[in-house]
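Before any questions on how it binds or moves, here is one chain, the form predicted on its own, in structure tokens.
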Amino acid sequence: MCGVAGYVGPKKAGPILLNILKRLEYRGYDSAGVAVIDNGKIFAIKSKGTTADLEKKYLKRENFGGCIGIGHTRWATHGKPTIKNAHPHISGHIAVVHNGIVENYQTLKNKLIENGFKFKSDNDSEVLAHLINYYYNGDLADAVSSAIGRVVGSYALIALSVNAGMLVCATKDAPLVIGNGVDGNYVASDIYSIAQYTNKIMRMVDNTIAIIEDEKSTIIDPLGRPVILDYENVDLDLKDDGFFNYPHFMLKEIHEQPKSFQDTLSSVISTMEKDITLDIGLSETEIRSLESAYVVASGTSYHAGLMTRYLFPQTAGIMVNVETASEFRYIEPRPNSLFIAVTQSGETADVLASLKKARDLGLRTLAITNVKGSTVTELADKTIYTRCGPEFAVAATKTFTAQIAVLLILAIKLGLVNGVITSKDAKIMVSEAEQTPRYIQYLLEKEADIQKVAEQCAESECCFFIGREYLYPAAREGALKMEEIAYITSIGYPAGELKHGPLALVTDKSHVVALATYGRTIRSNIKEVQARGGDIIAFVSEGDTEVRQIATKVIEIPKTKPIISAVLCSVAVQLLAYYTAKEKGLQIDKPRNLAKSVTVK
């Protein structure tokens, strides 16, 4: 997973590239680099670590005054996160940055070595620099075209040469956008990263090549024939990207959930009449003809999707299959189904591949994302946005609960059309959903109690999160958060499955987090843990006295409907994971080996 950036114009490229890379860091932060052409030479700086580490090196350099350059921030796939494996890769007068995977790199590498090229890295992307150099005959665009013709895999690449005052870009199965600004032209992996410079954006499409100069951009196909792509005006909210009074972005974003949940709800319902204004691009006749739905997502978004296992059959009258995006390629979906892609960034590679498959099979497609202008919005028939603003911490929080808000309103809409629920039922459900921000705020006021419990979790060797029905996906999400940022082996289980294996792992050095805010059956599971010496942290509804008698620690949560209760428990386990990681003194916003968006398959 990587982010690429390029600039051509009258200004110094270095500072511009660094600013773009900072906004691309969600795509990778184990190494970074920039290269500019200055006085007929390529000057490059690479750094292991974040873009902040790269910037420190940049500020110490004098020869960096060029007005054309490329940049890269990396999350390692081929080769360890070292300076030698960092981009840009340089071959003579050619420099290249690349997002994607060159699947046949070993074959290409062997051929290039036979032709005298020397490799300095273990990175598959280095073959692209040498390959373009190999084919270069005075025309950079022609060399790039010849090079990508040999490549098997995916790429969003930007190349420069000291012999050409331009950038040449190519893309296949990886996003790349071009920005036309007053002070030059920009290219990057996403719109957000260059929106600080221009809102005039052109999206590249697969199997095209872009020639970017300071005053114009030309798009051609691999045979050199012109391709017409239009610019669009995209306005993004770039405010509110600071810590303010919070020590970490993750904690700030946890506390933003009352607002993000409310803003998302307000975008799909009419507050006064409690009517649903959500548009999914289907007529009522088309909705009634749907035989099933497929909800496809990865990571945290997948856990939000799991809520529909209970929500859609009960409320919408539609059977649903919830699939991890990386596995959807092996599934043959039923025809006449609605495909719902859930992705925070809109750039998750496996989700995009699944969406393309669904579209090719003729399914109606719907996307739920937080990022305007992301790739998923171009592929799906219709997009619903969560209204969360930028989310910077790798561990998703506010986007997760907002996704549940959208899925809830979607289920109500489908249920109304299908006659599963009445208009009166729908208004009651909407009113209950509107109370959620108040409940979340109430829960956030118990933050100190959760922090005390987290101090004990920090000593744990493993954690089990258990729940039933809607609380099962919340349990899985809690386990994921604990693994992501606290580095504690954690597993989310349906409570009834403990006796089918996991109880063998329960010891006096493990914690079991029981989400027990509704239903009586989980209490027997808590007793099973208690009998084996496990430390039990229970989140219960206010007034519950039974669980209090058998749990080690109890945190009360407002008593409400099951799916809303799951939202509240999700916020609670976010705080639990956050304070556990903080107690351990870990890097919370950028955990090791992880990136915000998985942009490779």
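Numbering starts at 1 and follows the sequence shown. Small disclaimer: the values here were computed from a predicted structure and weren't measured.
Just so it is clear, the following notes concern the form predicted in complex with fructose -6-phosphate, a form of the same protein that is not shown.
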Assert contact_stretch over 316-324, 80-88, 338-346, 455-463 against fructose -6-phosphate in the predicted bound form, heavy atom within 4.5 Å, equals 338-346
With the partner omitted here, the residue among 398, 481, 511, 74 that in the predicted bound form has a heavy atom within 4.5 Å of fructose -6-phosphate is 481
In the predicted bound form, the residue from 300, 161, 154, 260 with a non-hydrogen atom within 4.5 Å of fructose -6-phosphate is 300
- Query: Taking heavy atoms and a 4.5 Å cut-off, does residue 522 contact fructose -6-phosphate in the predicted bound form?
  - Reply: no
_I'd like to know if residue 416 sits close to fructose -6-phosphate in the predicted bound form, meaning any non-hydrogen atom pair within 4.5 angstroms._
no
In the predicted bound form, does residue 265 have a heavy atom within 4.5 Å of fructose -6-phosphate? no
Is residue 191 one of the residues lying within 4.5 Å of fructose -6-phosphate in the predicted bound form, judged by heavy atom distances? no
Contact check, 16-52 vs fructose -6-phosphate in the predicted bound form, heavy atom within 4.5 Å, ordered by sequence, gives none
